[in-house]
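Taking the form predicted on its own, here's one chain by itself in structure tokens.
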């Protein structure tokens, strides 16, 4: 594995930031024949790119805001990803109930969904009257239900999307280092970029590397390297939080798009990886963006109120919740709008070889990559850009390899989607007992030691929150499985007994602080979030946020 000390000195391009934007730029630049290095201060996909709503979608609400071109680009990229990454990006059926006097009406949704279908060049929505819609989704609130639509979007494992882009780029000759920060942008006497000083954040080893172009793809951190050149346009970190439940608690097969009963903000309830989650909130994140974001008690109550109003017969409570998570969106703002009204479009800034790209949506990462590389083109060697319709990922087989080892076609599809052709090595190297699912998930035990060995982890949370998602999807972060995980990974990780003890302790502490429910939600906080919210606001002298 490459370290700072063994890294070559000269590159055509240095990318700072290991989220979806940086990974997309890495993938496109290596296909252009560039010598490219990516550095990430924390872990790959540590930030927003592992904490999204897992959707690859056009964004119907952008049509309402008149952002037709943004929706068009996102729908086109969604179709591209569905074709290129089966098993990783998959179709998702949505239901959108319509209630009397609440939320968008039938014809407004019909118009938006028709435009959606027109962009995708296929009809994918259908309207159902109230009785038929109730049969499709028997647990939703029926009082005031007029009917509803069924339509299609797509979903993804966001962290695995980043990692597949990274891994395929590295296989083609790119280099990517996590836990490595850009300590300094190097410039000549004329202020032109000539490289960077990079530093391992744990060993503190440093190295000066040369390149005439540096792309800053650090998301919400972008202005630390490159302040906005527009006086009234700055990054506004917005937090979005989610609650996760076992699928047995909310027995749905389709996602549901609906609006909150209080403020009419759009929300989603989504089946994903054998769980159900609800999100998302949208409010200013005022804490240090270098620290892991976490869901506030007020956000949890807000989401629970929405969930209980949509599924009143299910008696859902906080005691049913597996975990929660929060992410920070890099949104460009002029400071005048409510958070949910801010644009999700991206910007590119250029300053003598330093190209900054920030904002944008996960779905359109490839277009962000091309815009960033176009801006960097004057500082790069002569290169040819990939064709717009060229496949993003390496092709994988449509079915199981021969000989078969007893895994289902669906499991092979999922493995190929997440690991590309490395899926075959993963399965081949596994013991038979590890080709079973971790309870409550769609993850094979075999994925844990394979990613521990091959995907540059430094810490246990890298492994269980991003390489696989067991930390989010199992009770108490998979605490009951840690001894087995240690036994499986000890041969491939250079950790002694003391480090294993520290890693497990630190991991569980992190889960409790960031992914566990806020302390206010004891097992007794069962049914009425509005009462708990009243109690909390009175105790803390808080107001209900107008951002919700």
Ligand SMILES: Cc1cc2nc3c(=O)[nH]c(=O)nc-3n(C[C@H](O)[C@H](O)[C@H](O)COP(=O)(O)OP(=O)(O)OC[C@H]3O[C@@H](n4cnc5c(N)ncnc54)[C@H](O)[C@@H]3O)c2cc1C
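Positions refer to the first chain, counted from 1. Treat the numbers as computed from the prediction; the structure is a model and nothing was measured.
A second form of this protein, the form predicted in complex with this ligand, is not displayed here; the remarks below concern that form.
**Q** Let me test this: is every residue among 18, 22 and 280 within 4.5 Å of this ligand in the predicted bound form, going by heavy atom positions?
**A** Yes, the whole candidate spot contacts this ligand.
**Q** I'd like to check something about residue 363: if you look in the predicted bound form, is any of its heavy atoms closer than or equal to 4.5 Å to a heavy atom of this ligand?
**A** Because a heavy atom of residue 363 falls inside 4.5 Å of this ligand in the predicted bound form, the answer is yes.
**Q** Residue-level contact is defined here as any heavy atom of the residue lying within 4.5 Å of this ligand in the predicted bound form; does residue 37 satisfy this criterion?
**A** It does not: once this ligand is placed as it appears in the predicted bound form, residue 37 has no heavy atom within 4.5 Å of it.
**Q** Would residue 503 count as touching this ligand in the predicted bound form under a 4.5 Å heavy atom rule?
**A** So residue 503 does not count as contacting this ligand.
**Q** Does any part of residue 181 reach within 4.5 Å of this ligand in the predicted bound form? Heavy atoms only, please.
**A** Yes - in the predicted bound form, heavy atoms of residue 181 and this ligand come within 4.5 Å of each other.
**Q** Within 4.5 Å of this ligand in the predicted bound form, heavy atoms considered, which of 224, 106, 204, 253?
**A** Checked against the cut-off, the match is 224.
**Q** Find the only residue in 42, 31, 64, 486 having a heavy atom within 4.5 Å of this ligand in the predicted bound form.
**A** By the 4.5 Å heavy-atom cutoff, the listed residue in contact is 42.
**Q** Quick check for you: of 381-389, 308-316, 473-481, 238-246, which stretch puts a non-hydrogen atom within 4.5 Å of this ligand in the predicted bound form?
**A** Selected stretch: 238-246.
**Q** Within 45-80, which residues come within 4.5 Å of this ligand in the predicted bound form, counting heavy atoms only?
**A** Heavy-atom contacts to this ligand in the predicted bound form: 46, 47, 48, 49, 51, 52, 53, 54, 55, 57.
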